[in-house]
Ligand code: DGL
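Read the single chain below, which is given as structure tokens and is the form predicted on its own.
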Amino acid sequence: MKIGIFDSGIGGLTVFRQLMKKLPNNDYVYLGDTARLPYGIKSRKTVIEYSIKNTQFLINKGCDLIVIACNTASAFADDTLRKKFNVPIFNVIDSGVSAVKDSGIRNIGIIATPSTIDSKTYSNRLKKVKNIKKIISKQCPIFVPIVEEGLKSKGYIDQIINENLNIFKRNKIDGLILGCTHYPILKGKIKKFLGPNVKIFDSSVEIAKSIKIQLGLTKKNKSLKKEVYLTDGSKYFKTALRSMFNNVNFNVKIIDIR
């Protein structure tokens, strides 16, 4: 099977990495729409338009299954893509909500980009979970450029995390959804700030679990292929790719799908 994954940039690599760990016997095509990132501050109409073009590109590459590795695109475009394309489509929001539902968490926090938070997709779905008593949402758009520019090791990042996440400490949450696939790259620092009693729900981990359950065991292809495409050059992308995949030498191609 050939699995297609798209995101606005580096964030979707967290999903790509988890899928390769849990479902290694598949071909993969990754598309990072770096020419048009970030998606998290754009309108619903624009994100849907981008998502349709991304999905069509992946299907043209022979993908049998599409993973929306972007929370904003998952919130805005999932229904449209399912109606338009005759392939299985998975999104990161459904997987995250399912994980919270099964956890018994009562007070949940959500961090995401402005468009994802404003869509209320997470909060509306979590309100239907019986055990949830409190839902606190926080826009954290600054985390995306931190990841895209490879700044997570800078000393001032701890202060930025403290300022953005202090609301969750004050409200004594016991779980936090990382509602953007860029955020798992900062998971260690987020976990350190919130402490060991707060469970972190990583959408990249949860969607990989969901897809593995759906697909079950897959037969190994004779010659596994991993293709990576970007819509614009990205200085830090290749560095992040090598780091996250233990220096595997991917051939990254720049393409134009506008």
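One-based numbering along the sequence shown. These figures come from a predicted structure and were not determined experimentally.
Same protein, other form: the form predicted together with the named molecule, not shown, and the subject of what follows.
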*So which of Ala208, Leu58, Leu37, Val67 gets a non-hydrogen atom within 4.5 Å of the named molecule in the predicted bound form?*
Leu37
_Stretch from 192-200, 58-66, 228-236, 37-45 whose residues place a heavy atom within 4.5 Å of the named molecule in the predicted bound form_ = 37-45
*Contact of Cys180 with the named molecule in the predicted bound form (heavy atom, 4.5 Å)*: yes
*asked:* I'd like to know if Ile185 sits close to the named molecule in the predicted bound form, meaning any non-hydrogen atom pair within 4.5 angstroms.
replied: no
*in the predicted bound form, does Val144 have a heavy atom within 4.5 Å of the named molecule?*
yes
*Which residues from 12-34 come close to the named molecule in the predicted bound form, meaning a heavy atom within 4.5 Å?*
none
